[in-house]
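Shown here is one chain on its own, the form predicted on its own, set out as structure tokens.
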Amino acid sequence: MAEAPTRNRYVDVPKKADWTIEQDWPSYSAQEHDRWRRLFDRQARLLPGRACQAFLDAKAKLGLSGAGIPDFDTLSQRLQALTGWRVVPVAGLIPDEMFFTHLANRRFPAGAFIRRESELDYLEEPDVFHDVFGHAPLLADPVYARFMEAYGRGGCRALKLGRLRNLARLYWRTVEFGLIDTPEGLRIFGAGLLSSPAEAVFALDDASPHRLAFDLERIMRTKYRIDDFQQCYFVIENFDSLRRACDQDFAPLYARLGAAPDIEADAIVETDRVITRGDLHYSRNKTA
């Protein structure tokens, strides 16, 4: 059966005041469930030894499998019993203020649509696989879940202070593309890496990117790529150190950031603790 012309069939679904929609789980086609299965199986083979153990354990605890696209209500019941979080369906990207409000109230907005076959390896807008497979498992970790709740509260304040750009960089460099140090070596915890077969390998194994120790202020000054692999990855010690670093009044930090220049996405600065200095061959070859 041919796919509908519109890749996201939820675009025209009625939205509630909080921008959530009805998932309508029975409406997913066999082709859509099969697409989830293939995406899931590919990452399930790739991630052991690459993803942090907390992610692998939580994925099993939540019952995520390759059987098909999860029912958000069932997933939320399991997640809520562990940390009080829920996964709520949305049609796609939602306004920043509403996104932060959901996080601050322990709700993760997840795209209900699944990518088209032609976008199996990459798509710009996060879909159900990225959001549920990549983000939902770590919300079962109590410490990480508290960090995400605090991030939501901080986001509401950043909007009022006009510093969303800086706070978005923190999200990108941790929640989406973060690495974590473990006794077994560097591991992935960012959802953008967990849901991407190519960048999951690139971030850990390739000689191109820099890998630098987490530094909150440095991260909030640093640009990032939205259309390609990152040129620099930041490494946290553990989830508790991430939570503690962000458990502060950001107002003085924002004041300093307002007077500080941005740092380029591929730069190493004097204050960096370098774990791996990359040769940047990937980005230089692309530019050439």
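Here the structure is a predicted model, which is why all the values come from computation and not from measurement. Note that residue numbering follows the sequence shown and begins at 1.
Absent from the display: the form predicted in complex with ligand HBI. The rest refers to it.
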TL;DR on 206-214, 70-78, 192-200, 88-96: the one with heavy atoms within 4.5 Å of ligand HBI in the predicted bound form is 88-96
Checklist entry - Among Pro109, Tyr151 and Tyr171, does every residue place a heavy atom within 4.5 Å of ligand HBI in the predicted bound form? => result yes
Partner-free chain; cross-checking ligand HBI in the predicted bound form, the single residue of Leu82, Leu123, Ala104, Leu164 with a heavy atom within 4.5 Å is Leu164
Ligand HBI contact at Phe100 in the predicted bound form, heavy atom, 4.5 Å: yes
